[in-house]
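Consider the single chain below, provided in structure tokens and representing the form predicted alone.
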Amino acid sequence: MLARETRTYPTTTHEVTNQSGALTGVNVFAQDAILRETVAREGAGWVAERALRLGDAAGDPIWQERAHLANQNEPRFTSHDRFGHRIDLVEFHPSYHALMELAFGSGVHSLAWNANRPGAHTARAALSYIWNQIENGVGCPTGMAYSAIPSLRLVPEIRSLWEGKVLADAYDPRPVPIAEKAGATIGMALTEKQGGSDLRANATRAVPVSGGGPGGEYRLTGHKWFCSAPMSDAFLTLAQTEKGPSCFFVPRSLPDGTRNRFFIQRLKDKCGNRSNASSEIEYDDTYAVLLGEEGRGVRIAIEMAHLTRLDFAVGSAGLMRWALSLTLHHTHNRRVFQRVLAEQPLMRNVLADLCLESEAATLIAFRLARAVDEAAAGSEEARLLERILTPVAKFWNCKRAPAFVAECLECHGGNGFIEEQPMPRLYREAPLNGIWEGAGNVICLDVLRALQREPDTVAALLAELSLARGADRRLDLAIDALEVELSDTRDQEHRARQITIQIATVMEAALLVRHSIPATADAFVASRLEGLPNRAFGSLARDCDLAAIVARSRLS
């Protein structure tokens, strides 16, 4: 018989002890001192009330269960109804819709554009950081809606009809025309199977209906190999015109209310991000509107990618933070060999090292967010810093996340590998941001483009780093070494990853020296700037103040 109080069977062979239990009842904004300090310092302290409301959801067992169910019950594609009509419908579990309602209702997609005050992109980054501690699949639709706004503004008619619906803090999943929607979602369909990141190799063709030109009607024919969130209300896509790759707006519903010729071929069976549908699609004489000039599509796509890359740097830092919080909770509530696991000397070394990595990822992501805000306000120096720091932070946070989450999973032992636990989902999610909007090599080559085409980015970068000079001799030497590395133009493509990693690591060290506690800054500089390359987590020097480092990162 089930025990009435616990709704579980009474144990007859043993008593369940020494299990850490779920990390619930926490607010990941209110109890994260590092995040609160960082958001306030970078100019968005005013987001605190909204961030507190969303921060509660990460520790709420109801929302935790919804995130689990949305990933366990994957989207299902139905091409035709039972009478043979083509409907191209992707159905989601109710938990996914609930999560979308929470994210869009909280402004995770819209705050940067709706706030109309300094620090808006940083404030929106705080919400995205928190959201990635709740459920990562929904982060794709919110990020696409966030980054699409500048492109929608290229055509006044599209802006007037769509922007208000896209920026509404509302979620409306009904497949109906835009005029009937309470809120709209935007997807992207850029890559094709033969080209991948090489967008100029796309084969989809666009033919103007009349004269063509910006805001003109075109018809598209071709395929897209990756189209995420295919139930979105409209998509930004690329197709070839006589002048080259061009960017188009493709609504799912036509002006007369009928459905556009947008055909889902199948859903992708993905390693992670399983709550979010990704698909292959076909255009067949599909209605579209040209955004910007013909032949400028790749440039428009890159401008969108600049914002999504910020989002991936922030999102990866948020994912790492939640993995760390789960790990600190587990190791402080589990005993091994008659001792709390977190107090074992070698485990304490691992935990402190993970804390260093998480805080560094957070600081570089939010420094980039502030640069986006300041660049939008007209600062040329901020624009140059944003230009170089966007690919640097995107590459490094996305590259560090998989190794970081793998170490966190190992700290949980066998329990961390069980699908009922949250760690396997984070483990599968961790590599994904590194692929979206350009895999590692593509991103590092973008770093080189910034250095070569806009050499003033070097001065902006060094000016930012100089703010930390004089505090630590080792950091000063690392900045000097970086300046020498950047001045060497030989074999730069071969060295692109080395250059990117060096910029990222020195920038993280500088930010920690300026803004973190001495124990954290000293340990990071000693292990990252002086330590061995390709080091494993848990190899901090014996004189590091491990207890202080871990205490700073625990939710309290």
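Quick note: we count residues from 1 along the sequence shown, nothing fancier. The model shown is predicted, which means the values in this text are computed figures rather than measured ones.
One more form of this protein exists, namely the form predicted in complex with a small molecule; it is left out here, but the text below deals with it.
The contact residue chosen from S197, T78, N415, N73 relative to the small molecule in the model of the complex is S197, the criterion being a non-hydrogen atom within 4.5 angstroms. Distance criterion of 4.5 Å from any heavy atom to the small molecule in the model of the complex singles out K270 from the list R86, R335, K270, K243.
Not displayed here, the small molecule is kept clear of C398 by more than 4.5 Å at the level of heavy atoms in the model of the complex.
Contact check for W436: a non-hydrogen atom falls within 4.5 Å of the small molecule in the model of the complex. Not displayed here, the small molecule is kept clear of V207 by more than 4.5 Å at the level of heavy atoms in the model of the complex. A481 falls outside the set of residues with a heavy atom inside 4.5 Å of the small molecule in the model of the complex. Note that among 129 to 137, 181 to 189, 294 to 302, 472 to 480, the stretch whose heavy atoms approach the small molecule to within 4.5 Å in the model of the complex is 181 to 189.
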